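Before any questions on binding or motion, here is one chain by itself as structure tokens, the form predicted on its own.
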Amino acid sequence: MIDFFHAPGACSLGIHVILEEIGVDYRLHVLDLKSGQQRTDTYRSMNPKGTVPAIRLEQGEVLTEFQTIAFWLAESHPEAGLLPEDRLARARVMEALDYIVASVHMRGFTLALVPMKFVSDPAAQEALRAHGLAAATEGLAQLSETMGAHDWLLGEYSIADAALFYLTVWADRLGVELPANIAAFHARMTQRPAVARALNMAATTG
């Protein structure tokens, strides 16, 4: 059985969605980031990075980093159809995942959500927050262009949609207006049973 290490409100929500989509048995371990549970000796002995998401496989190996975990889960459970068979289409999924996590998340939402991690001066925090919001808004506009008139980001539902979903949840938290097609995507996602289960667990554990 997979052990899944998750923090409510974090990007690990996307991995939670993927786990529910593939229907694999897993144990949910909820970490309270505000109290520093991710920095305890117990957790760092398993994951020295002290980050979420992380999964521990049945054999004891630990995987970290959103893109890696998402790819491994989808690759290990092809019956779920979360990765296309075509190699170029797979590359496009990974391209979208990298853009979502490395650019829109890390260079946008992270700065908007937790500027205090980077600077202590209140005025500098506000400037960093504004910069992050602008970058997040620009990134969502780019993703909107990629999606176009499709129901899902790349046409067919994939692990990239689970990543985009956590961004839309963060956008709602920050009051960032979503492009119309991304807003429709968010509503569509919440109707998926796997997403509803992940959100329900987040509500009861957060």
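The numbering used is simple: start at 1 and walk along the sequence shown. Note that the coordinates shown come from a computational prediction; the quantities given were computed from them, not determined experimentally.
We do not show the form predicted in complex with a small molecule, though everything after this point is about it.
- Site annotation in the predicted complex: the residue of 52, 171, 70, 143 reaching within 4.5 Å of the small molecule with a heavy atom is 52.
- This chain lacks the partner; the member of 10, 22, 189, 182 within 4.5 angstroms of the small molecule in the predicted complex by a non-hydrogen atom is 10.
- The chain is drawn here without the small molecule; in the predicted complex, the stretch among 174-182, 135-143, 148-156, 32-40 whose residues come within 4.5 Å of it by any heavy atom is 32-40.
- None of the heavy atoms of residue 165 is located within 4.5 Å of the small molecule in the predicted complex.
- When contacts are judged by a 4.5 Å heavy atom cut-off, residue 90 does not count as touching the small molecule in the predicted complex.
- Contact annotation: residue 106 falls within 4.5 Å of the small molecule in the predicted complex, judged by heavy atom distances.
- Residue contact check for residue 131: none of its heavy atoms lie within 4.5 Å of the small molecule in the predicted complex.
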